[in-house]
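Below, in structure tokens: the form predicted on its own, a single chain.
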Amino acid sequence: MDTIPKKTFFNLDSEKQQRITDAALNEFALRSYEEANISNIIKDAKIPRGSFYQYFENKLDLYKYVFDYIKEKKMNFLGNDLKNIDDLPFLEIFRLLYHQGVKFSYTYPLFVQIGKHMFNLKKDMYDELVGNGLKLAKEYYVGYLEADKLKGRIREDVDSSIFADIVIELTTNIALEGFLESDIDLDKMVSKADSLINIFKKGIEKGDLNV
């Protein structure tokens, strides 16, 4: 299977690669995928149209590359936070990563705009780009939940798979709701996620209820 981008892109010097990448980031931040125009990217990157198709098959391939580029940037940003967390409870790991994810958004506001447009993609395209990442996230979460069971931190009867699905679904909805607002309020998204985590930790029933 051919790489995305093509190998010819990776043969370019780093300055030209970055120039093309920045042009694509700017275009996809400014416009939705459907409205984004390769002509604008070519003009901004200062490359001939023919050169573009030496590096990418089409706009979709370029978009996939941009999506992977952002994911790599985020993983590098979270690098130090992913070290030495194995002894933390799952919900604390989740809280840490969510907070750092918001810091990442503050650091790279252009990526936030791209993410905002991403939520409006056609379902099949959204699933293709995001689905594998969510699957990996679920596997990651289930592993830590099972470890917490062994350490006596959560009840053994909790279904780790279902709970991981709930966490992913609810936090995705928080992000979706936040990104679709006219003015994105990242602090509000953090506050909602924290409230959600606290509900997970403490439950909703009072401890002295008579059953």
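Computed from a predicted structure; not experimentally measured. All residue numbers are counted from 1 along the displayed sequence.
Beyond what is shown, the protein has a form predicted in complex with the DNA; the following relates to that form.
- Only one of A36, V66, A164, I154 comes within 4.5 Å of the DNA in the predicted bound form through a heavy atom, and that residue is A36.
- Residue contact check for K192: none of its heavy atoms lie within 4.5 Å of the DNA in the predicted bound form.
- When contacts are judged by a 4.5 Å heavy atom cut-off, S32 does not count as touching the DNA in the predicted bound form.
- Although the partner is absent here, N11 is a contact residue: one of its heavy atoms lies within 4.5 angstroms of the DNA in the predicted bound form.
- The shortest heavy atom separation between S51 and the DNA in the predicted bound form is within 4.5 Å.
- At a distance of at most 4.5 angstroms from the DNA in the predicted bound form, none of the three residues R95, Q100 and Y144 contributes a non-hydrogen atom.
- With the DNA omitted here, the record of contacts in the predicted bound form names 52 to 60 of 52 to 60, 165 to 173, 144 to 152, 66 to 74, defined by a heavy atom within 4.5 Å.
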